[in-house]
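Presented below, as structure tokens, is a lone chain in the form predicted alone.
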């Protein structure tokens, strides 16, 4: 293959990290977010379900979860915005000897709490959490979750038995949330030693009516938190849209005025706490309702929702956006970006008021992450 293109990023630039079923791409723009340079493809032919940017302790480090159905999954990093990537001799994210599981796929990479600059987390399939305390040089299984008595009863969702969301509590370094399909939401309040299910009020539509609200076993698709109020969480379920005001102890249905409460992607505006979702028709027909590509926004914590669609196709737009396919930057006004399974990448530089196509001919997009270079 020809040498991939590369980008050079400077302080203040915006990065748009895009993972596809056939490789990763690194896009760069200045703070105007008008034009985008494209670097890649990196890891051509590999599915890249997770990407992250770590700028703590003076780093400019990209992380990619490189997945292959034949070779397995490993983490690779770059300290020069994609020009060179590490090729580990042995895979660091793996179950210890004697465990009854092996890593099938890496689904998520997440930074630890702000006061732990060398801590990283990694979520995998079958559902498990790994932690690094040396900036990714080595990884260990979080045994408190792995040994949870519920683990043997978790069942795979449509995408497998995956731990796909990792959410540190910004106000409490010992508190961490994870979401598992189909285990539900779990929370630790002691740094990972013990975990409790936090699913009160979340419906499991696929169960018989008398069993619709179990303690665990929900198929959670995504959870996100309000940066200004970490106890306020939002959740997109496999049928269901919810808010918690008590750190996950209970959940309230907020599917008011949306065309469907089924979907995957969810993101919270870091500037004003607005929540964005992209509804899909149903679990049987996972495409945008009515063939209209609309991003829904709430500015009142789910009391009402408004469609943002200016610049997005509104006819025959049968698109699918997956759980990590939506992301926001921290500039003002906020930039919001999403990618589709048909390989289109859209962006808004005014918090969703207007949209434009950034790229329209990528492989199927499964992950979009943003960062502002410091």
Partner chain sequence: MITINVAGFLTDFTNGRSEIALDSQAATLRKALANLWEQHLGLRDRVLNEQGDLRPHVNIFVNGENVRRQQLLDTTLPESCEITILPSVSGG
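All values derive from a computational prediction rather than experimental measurement. Positions refer to the first chain, counted from 1.
Only in words, not in the display: the form predicted in complex with its partner chain, which the text now covers.
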Here the chain is shown alone; which of 170, 135, 101, 111 has a heavy atom within 4.5 Å of its partner chain in the model of the complex?
101
So if I measure heavy atom distances to its partner chain in the model of the complex, which of the stretches 161-169, 82-90, 296-304, 271-279 falls within 4.5 Å?
82-90
Proximity of residue 156 to its partner chain in the model of the complex, heavy atoms at 4.5 Å:
no
Quick one: is residue 96 in contact with its partner chain in the model of the complex, heavy atoms, 4.5 Å cut-off?
yes
I'd like to know if residue 72 sits close to its partner chain in the model of the complex, meaning any non-hydrogen atom pair within 4.5 angstroms.
yes
Does residue 323 reach its partner chain in the model of the complex, with heavy atoms at most 4.5 Å apart?
no
Within 35-55, the residues that have a heavy atom no more than 4.5 Å from its partner chain in the model of the complex:
46
